[in-house]
Every structure is written in C-alpha cells, then in structure tokens.
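The chain below stands alone and is given in structure tokens; this is the form predicted alone.
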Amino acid sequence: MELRQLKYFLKAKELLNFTEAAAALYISQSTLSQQIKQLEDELQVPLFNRIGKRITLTEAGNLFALYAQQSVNKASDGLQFIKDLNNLETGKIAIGVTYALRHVVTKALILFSSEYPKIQFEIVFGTSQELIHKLNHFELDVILTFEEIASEAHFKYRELFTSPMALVTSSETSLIHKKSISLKEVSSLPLALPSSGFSTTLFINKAFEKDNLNPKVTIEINDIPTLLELIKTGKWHTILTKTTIENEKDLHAIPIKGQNMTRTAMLISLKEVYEKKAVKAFLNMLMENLK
C-alpha cells in the first residue's frame, strides 16, 4: 500500500467522480482507476460502488477513509517536521481570527515578521463557526476567537484574556457618561447587531432570553467594519466585546452589568496535528506580547 494510492482514494472519495478526481490529481483516469483497483485488491474489499459513470463509497470505503486520511496527515506532518529544521527559513502559517481580535494578531504579526521575514502568513477573518469549520478541515493551523467552554475533545485550548461585553455607541450620544448599563436598558435602545452566525450575537441573545427581554434589533449585518460605521452615526447602538473597538475613533464602550458578561479570548488548534515550529514561535511571541 502506497501513500500515493491513499491520496488518489481520498480525492476520489471527495469528488465521487473518477474523471474529476483524475483531473484534479493531474493524472489519467486509467491510472487512477488502476491504482484504486490495486488498493482494493490488497484490502480484499471494494471501496467504491460503481454504478455506470457514478461512484459511491461502500461501507468499507467509509471506514477506510478515516485511516487513510490519518496516514496522509501523519506523512505530511513528518515532511513538515523536516522542513522546520531549516531554522524558520521557510514555511507558512495559516491563522483564522475573528474581527474583535484583529489587534492581537496584527501586533504580533508585525513583530514576528521583523524577526522571521521569510515566513509567509495567511490570515483568514470569519465568524467562530466558519473558522472552526476550516480548522477541522486542516485549512488553518490555529484560530483566535472567543470561546467560554472547552467543549471539543480534539481541540487544544489556550486562554489569552477576558473582555467585558459592552454597549458600543457613538461618542456623540448622551450615553457615554454612563459607567455601566443594564441589559434591560440595552433592550430598549435601537440596536444593530452582527448577524446570527457571530458568536457574540449568539452569546448576547442567550442573555436576553434568560432575562425574558425582547431587544429592539432593527439591523443585522455580517460585516463588522460596516456595522461600526453605522454606529458612528448615532442612530443605532450595538453589543460587542470591549476589545473590538480598540483604537476605533468616535466610538465608546459601556460595560454591560450582570454575571457572566465577559468573554474569553482563546487560541484553538487541533490536538493530534503536529504544531509547526513557525506556528509555535509565533504563538509564543503573541502570548508574550499580551503580558
């Protein structure tokens, strides 16, 4: 059994079409079919049902896919480990980050790039759900997001800091003189909130439901910079973690009263995946910069 055969099998499993899989792998369809047939012969069980031009996974194919993916990942980890011995002279770090934590990443990125200029970065912004999906599909090395409960056994969680939930308003409104505000007061104000996919909105909606409050949400939007521009007009208010508006002009954050009105910023990565030397060095620098 060869690693090449496992990669061919996994691509065919992904696309469920031998022609498309062969094209994606830059090989002929006959080569792909032959290699998968050799794999099936070695395993002594068919991995695909072949129905005309269509293919579907057999029960054995479904079970084998898990181990095939693990084998490919382990081989990839081994190759990456050897490359890391090049003293951080090459490599790429893929980081997912929610908008509220952009300052944390950018500060560390500037410092790290000055010391290791040959390391490439891919920075992906998204909601917590989107970033976790990408992490689970090995598209990201690590994500920075807000998470209160370390709920997934296959994730490695590292706490960074906590940030209070706050009513964010224009610095021109009369509310800026308040040192804190209750959730009941917030519910009576015209609100523009991040759309439902954002963890902050899920968090605050649960708080409203717990207190039997019906907030006056007139706008939901999936772009935080645009949301903040709306808040600057003074016509609406929003609810975000206080750290979200760090360095933002014309905005003011008022902490919301109540228990559990804080969020925990975390680094989340996959436990069983080898942590690249460059990733480890970057995260160490990021955490040191927060002290």
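Numbering starts at 1 and runs along the sequence shown. Keep in mind it's a predicted model, so treat the numbers as computed, not measured. So that the term is clear: the rigid core is the largest set of C-alpha atoms that superpose within 1.5 Å between two forms.
Although it is not shown, the form predicted together with the DNA is what the next lines describe.
Asks: Given the stretches 23-31, 252-260, 233-241, 65-73, which is the single one in contact with the DNA in the model of the complex, using a heavy atom cutoff of 4.5 Å?
Replies: Of the options, only 23-31 has residues within 4.5 Å of the partner.
Asks: Does the DNA come within 4.5 Å of any heavy atom of Q38 in the model of the complex?
Replies: Flag for Q38 set to yes.
Asks: Can you work out whether L228 and the DNA are in contact in the model of the complex, taking contact to mean some heavy atom pair no more than 4.5 Å apart?
Replies: Output for L228 is no: heavy atoms all beyond 4.5 Å of the DNA.
Asks: Is I55 a contact residue for the DNA in the model of the complex, using a 4.5 Å heavy atom cut-off?
Replies: Heavy-atom contact with the DNA at 4.5 Å: present for I55.
Asks: Go through 1-17 residue by residue and record those having a heavy atom within 4.5 Å of the DNA in the model of the complex; state none if no residue qualifies.
Replies: R4, Y8, N17, in sequence order.
Asks: For A21, is the C-alpha shift between this form and the one not shown 2 Å or more after core superposition?
Replies: Shift of 2 Å or more: yes.
Asks: State yes or no: after fitting on the rigid core, is the Cα displacement of R50 between this form and the one not shown at least 2 Å?
Replies: Shift of 2 Å or more: yes.
Asks: Would you say whether K276 is displaced between this form and the one not shown, judging by a C-alpha shift of 2 Å or more on the superposed rigid core?
Replies: After core superposition, the displacement of the K276 C-alpha between this form and the one not shown stays below 2 Å, so no.
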